[in-house]
Every structure is written in structure tokens, then in C-alpha cells.
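Taking the form predicted on its own, here's one chain by itself in C-alpha cells.
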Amino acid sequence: MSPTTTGTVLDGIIAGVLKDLHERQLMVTSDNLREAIELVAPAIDPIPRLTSPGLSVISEVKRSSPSKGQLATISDPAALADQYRAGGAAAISVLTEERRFQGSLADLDAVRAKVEIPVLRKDFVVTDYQVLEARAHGADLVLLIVAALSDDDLRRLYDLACELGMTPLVEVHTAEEARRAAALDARVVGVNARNLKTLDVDRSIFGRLLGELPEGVVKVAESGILRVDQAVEAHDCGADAVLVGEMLVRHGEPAQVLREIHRATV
């Protein structure tokens, strides 16, 4: 973990993640995970779906967040994921962090069993074990947050994810973090409008950073997108895809919202 996260919201989240991780490691070893990976279907390449005409949407199974608290009661994450699929989602993001987001690996398992489109394990990944865990549970993508990782850790986790066939979604919030992502030759980079150290949101970051990402990178706008017109705005700033959770889980007909976004951007 980068020393710059000390004392921030991000630091507190990661401290909890590491405690929960320790408990899981006592029950399931890295060798156990590698054995499980041998039995899992190969990871799906999300790039074709993320770069299809119009604005692609990574639709999120999200119950809660540190900034907003409880968002939705999701008793059946697989059923929600299937609604997303029916609406044309390019991928499904499943939050697996337990303390602040009320997610779990069981949610990931349920979604993976239900849909045949790419699935992202969205968590605060800071160890090799979590990358192995993601693939063992069927994830096709794994989130790597640049602000939470040193250059060495970022490179190691990125390479491990690729070795396992997954596509890392490398998340940045500043120009410096964008340069670090570019140094990885990352295929998919997410620009997060939410500063994870303070939880403040500034959607103008899309206009500042999306255009600075290298040519050929799949560009994802994350956080702060609560209306269809804001998704269109991100598309106009250069986003190939948006990652949306709150807007969808709070809407009674998420598939309808996804269709509206597609119609507005093709």
C-alpha cells in the first residue's frame, strides 16, 4: 500500500480488507485457489464488448457505499445481473468488499453462474491472493486501484492477472496516476471521479484525464454518473464505457436505463 494513503478513507478500507483477507487465508490457501483455477472456464475478453458502438456500460451489483450508505436491498444478485444482461450491459461489476459495501465472494459466484458476459471483481485488491481468488471465483476482470499500490505492487498484480487470463481494470484519479497506468501498457483504464482518499466527487476529471490516456486504451468513466445525460457527457469526454451502480440499483427497471444510455450514444 502506498504511504500516501495513510490516514485516508482508502487506508481505512484497505485495513479492513486485509483483516477479512487474513481470515479467508486461514481456510483456503493460495495452492487451493490455484487448484480451483484449473477447473474454472477460461476468462472472457471484455474488450470487444467495451468497444462496441455507442457507450458501453459496466453495470454494478452494489448494496452500499462509504459515501452514500445503504443504496439497495439486493437479495438476489444473480437476478439483478440478468436484468443488466437483458438491458445490454457490456459487463457486470460485483462488489466483494464486505465492511463498507456489503458485498461478498458469494455474490460473485451467483452472478458468474447466471450470466455469460464478462464479470469484474470490484474490490480493493492489494495482494496476489486476491487476484488468485478473483480468477478462482470466475472473474474475467479485476480492479487495480493505482492510489492503493506502489509501482512494484501494481506491476506484479497486473502481470499476475494477465498471466491468469484476466483483464485488469486499472483505476486512476489524477494525472500522475494516469501516467503510472500508461507505464503498465494497461489495456483498460478507469478514470474515477471520486477521490477515494476523501470521497469527494468531481466529474470534470473526465474531461481532464480521459483525453490524456494513450491511444488504443479502453477508457472507462467511473463514479458520479447518476443520470443518463451524465453518462452521455462522459461519452462526449471520450469514455468508451461507464461503470454505473447507484443509478441502476435505485431504479426499478435497470434494463430500461441501459437501453436509454445506448440509444443516446449510438
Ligand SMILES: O=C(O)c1ccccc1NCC(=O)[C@H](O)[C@H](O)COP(=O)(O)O
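All residue numbers are counted from 1 along the displayed sequence. Predicted model only: the values in this text are computed from it and were never measured.
Just so it is clear, the following notes concern the form predicted together with this ligand, a form of the same protein that is not shown.
Asks: Of 125-133, 108-116, 187-195, 82-90, which is the one stretch near this ligand in the predicted complex, taking non-hydrogen atoms within 4.5 angstroms as near?
Replies: Going by heavy atoms within 4.5 Å, the stretch is 187-195.
Asks: Since only the chain is shown here, I'm wondering whether F101 would be in contact with this ligand in the predicted complex (any heavy atom pair within 4.5 Å).
Replies: Taking the distances in the predicted complex, the answer for F101 is yes, it comes within 4.5 Å of this ligand.
Asks: Verify the contact flag for L95: yes if a non-hydrogen atom of it lies within 4.5 Å of a non-hydrogen atom of this ligand in the predicted complex, no if not.
Replies: Contact with this ligand, yes.
Asks: Evaluate E246 for contact with this ligand in the predicted complex, applying a 4.5 angstroms cut-off between non-hydrogen atoms, and reply yes or no.
Replies: Result yes; E246 sits at the interface with this ligand in the predicted complex.
Asks: Report whether the minimum heavy atom distance between L199 and this ligand in the predicted complex is within 4.5 Å.
Replies: Flag for L199 set to yes.
Asks: Under a 4.5 angstroms heavy atom criterion, identify the one residue in Q230, S30, T51, S67 near this ligand in the predicted complex.
Replies: Selected option: S67.
Asks: Sequence order please: the residues of 39-62 with a heavy atom within 4.5 Å of this ligand in the predicted complex.
Replies: Contacts from 39-62: E60, K62.
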